[in-house]
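For reference, the chain that follows is the form predicted alone, supplied as structure tokens.
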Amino acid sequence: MASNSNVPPFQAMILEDHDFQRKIGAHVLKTCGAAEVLEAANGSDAIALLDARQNPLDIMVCDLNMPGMDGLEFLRHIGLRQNSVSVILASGMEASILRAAEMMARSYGVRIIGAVEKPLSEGKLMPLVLRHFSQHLVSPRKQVAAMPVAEIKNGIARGEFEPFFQPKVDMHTCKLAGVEALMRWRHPKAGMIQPGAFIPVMEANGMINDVTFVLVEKSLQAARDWRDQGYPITVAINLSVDSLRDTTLPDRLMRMVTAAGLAPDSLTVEVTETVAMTDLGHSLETLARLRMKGFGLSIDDYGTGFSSMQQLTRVPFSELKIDQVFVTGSSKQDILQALLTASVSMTKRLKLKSVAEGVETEQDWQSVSRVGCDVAQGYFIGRPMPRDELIGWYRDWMGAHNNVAASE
């Protein structure tokens, strides 16, 4: 019987060739809340178990170095099968190999929620189990396929899409530095639906712009309400390629912030490197005009593209968000710590604000603090939440960190 009551029961598998370590891993998974744990000694055995199973697994712990089909080949098969299981990599091999395996698996479309070094323990696995559930507002079993276009259109017409807000805090004072608005769909029958089920469909069918401006309007109204309560909180929104192609966008956003009784610096526009590189002429015109009007401009997922440096020379960014792949677990991997340090150092030289994404543990917090990052965002601080919960969360957060704020 699992002793942990913080998570719902889940189905798991441990893939490990060493008999004793496999038994220990199975026991730890049950301690973390697993109702059932399948065991396999190599990739071929694991594939056979998966193919014979009718119900999908939730979480799998996968070793890398095994006889027969090793973990790398197994992960490739998982990607080809489009299996939705969340994978935790576990190995005693050097960190650079573990990191390469993680990136390889992601490139195959495998859902990697983290990597740990052996031996396994509840302290190592439990945060990743929690991450699995925190990243799925709807259970993966209910949320496999994309939502139909007609249903999404009906949801837009019924006003079912709304922003959730994930807090960002100042690393020096622990005070709230702003929020990022993230789109959610409160479906009347299916409940809260995760963005992966509808955003790609919206983008492919020309619907993303309309719902983006609904998101902006609701976010600005929330910001105005928070300001009226004595909390002048800035909001960040993500823009698509279609939005950036529209050179009238800055004027439209200006009208919206004015109508909400706010100033342009209360809104930050986040764009990924890929989006900023698409239709370069129109995008650069739109981005430059946004900065001219006083809006904040953030390069999102920095470091995951092929031209990060080049983008910084092209676009007048005011903020750089360091991608979570360089932040999460950085305290345990020297190469991630070095890349994180280099990114923060560069932002200081360029006089940009640095924001670390993916701060999910206290160790991550300490890691980004040591390198002098300005702002942190991640599940360690707070998950995306409805507007009405933010101020309550902030009061609780400051109550727990009041000694830090008082010393500033």
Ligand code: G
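Don't overthink the numbering: it's just position in the shown sequence, from 1. Just so it is clear, the structure is predicted and the values come from calculations on it, not from any experiment.
Not on display, but discussed next: the form predicted together with this ligand.
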item: Interface membership of P195, this ligand in the model of the complex, 4.5 Å heavy atom rule; value: yes
item: This ligand contact in the model of the complex: L29, any heavy atom under 4.5 Å; value: no
item: 4.5 Å heavy atom contact, R184 to this ligand in the model of the complex; value: yes
item: Non-hydrogen atom contact P386 with this ligand in the model of the complex at 4.5 angstroms; value: no
item: Whether Q166, E180 and I199 all lie within 4.5 angstroms of this ligand in the model of the complex by heavy atom; value: yes
item: Contact residue in the model of the complex, chosen from L287, L239, L120, L89 - any heavy atom within 4.5 Å of this ligand; value: L239
item: Listed range touching this ligand, judged in the model of the complex by heavy atoms within 4.5 Å, from 287 to 295, 256 to 264, 96 to 104, 207 to 215; value: 207 to 215
item: Contacts with this ligand in the model of the complex - residues in 319 to 345 whose heavy atoms fall within 4.5 Å; value: Q324
